[in-house]
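Next up is one chain by itself, shown in structure tokens, the form predicted on its own.
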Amino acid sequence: MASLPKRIIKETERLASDPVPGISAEPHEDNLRYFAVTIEGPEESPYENGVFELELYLPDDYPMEAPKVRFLTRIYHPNIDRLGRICLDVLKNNWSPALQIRTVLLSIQALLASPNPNDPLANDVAEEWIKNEELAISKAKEWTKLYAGKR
């Protein structure tokens, strides 16, 4: 395997030495560009007490190209679809090489705290969120218990 750029090595070391509260990101032994990520649901959100598994991959062009991130744990959220893809500006058109893995993970954690049904990826979830927010939040809490309950 080709050697990793210093930037990726530094970011990986910082994630280990200075972890982000509620977030872990461990590189795979056989591919150090691929990370197993867990994000704890933020307090006072429908995802509170949930532990969500994600995968993060750093493309060959990283940091010129944004990391690829998706949820592996099922989640009821207007900005995350059934395949776990995430609608988040820093993963798309607002990506900048100045951003880092930890910035992206913090942005995803913030998205859990503040779902945005007006910029949806899961249209059905967003419609329900807009029509009946209380019911949508209740469903998000139910899915969190069902799929992201702490083991």
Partner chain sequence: MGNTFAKLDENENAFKGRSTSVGSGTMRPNNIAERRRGVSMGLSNNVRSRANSTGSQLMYKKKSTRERDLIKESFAKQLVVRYDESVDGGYLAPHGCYTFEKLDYDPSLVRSLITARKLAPFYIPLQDFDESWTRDELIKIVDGLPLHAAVNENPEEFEDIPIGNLKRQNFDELIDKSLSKKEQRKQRSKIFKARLHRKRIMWQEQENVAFLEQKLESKREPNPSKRNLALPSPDLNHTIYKKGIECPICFLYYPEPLNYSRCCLQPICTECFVQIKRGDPHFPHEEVDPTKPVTSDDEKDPNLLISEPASCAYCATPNFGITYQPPTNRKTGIGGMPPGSYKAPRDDEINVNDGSDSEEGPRTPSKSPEDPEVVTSDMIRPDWKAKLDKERLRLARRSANATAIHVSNQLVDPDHPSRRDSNTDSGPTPTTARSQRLVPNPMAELENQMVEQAIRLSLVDEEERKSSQRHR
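Everything quoted here is computed from the prediction, not taken from an experiment. Numbering follows the first chain given and starts at 1.
The discussion below concerns the form predicted together with the partner chain, not included here.
- A residue is said to contact a partner when one of its heavy atoms sits within 4.5 Å of a partner heavy atom; I130 meets this definition for the partner chain in the predicted bound form.
- Although the partner is absent here, V104 is not a contact residue: none of its heavy atoms lies within 4.5 angstroms of the partner chain in the predicted bound form.
- In the predicted bound form, no heavy atom of I39 sits within 4.5 Å of the partner chain.
- Mapping the unseen interface onto this chain, P27 falls outside it, with no heavy atom inside 4.5 Å of the partner chain in the predicted bound form.
- Taking the partner from elsewhere, no residue among L91, K139 and G149 has a non-hydrogen atom within 4.5 angstroms of the partner chain in the predicted bound form.
- Within 4.5 angstroms of the partner chain in the predicted bound form, the stretch 108-126 places a non-hydrogen atom from each of N116, P117, N118, D119, P120, N123, A126, taken in sequence order.
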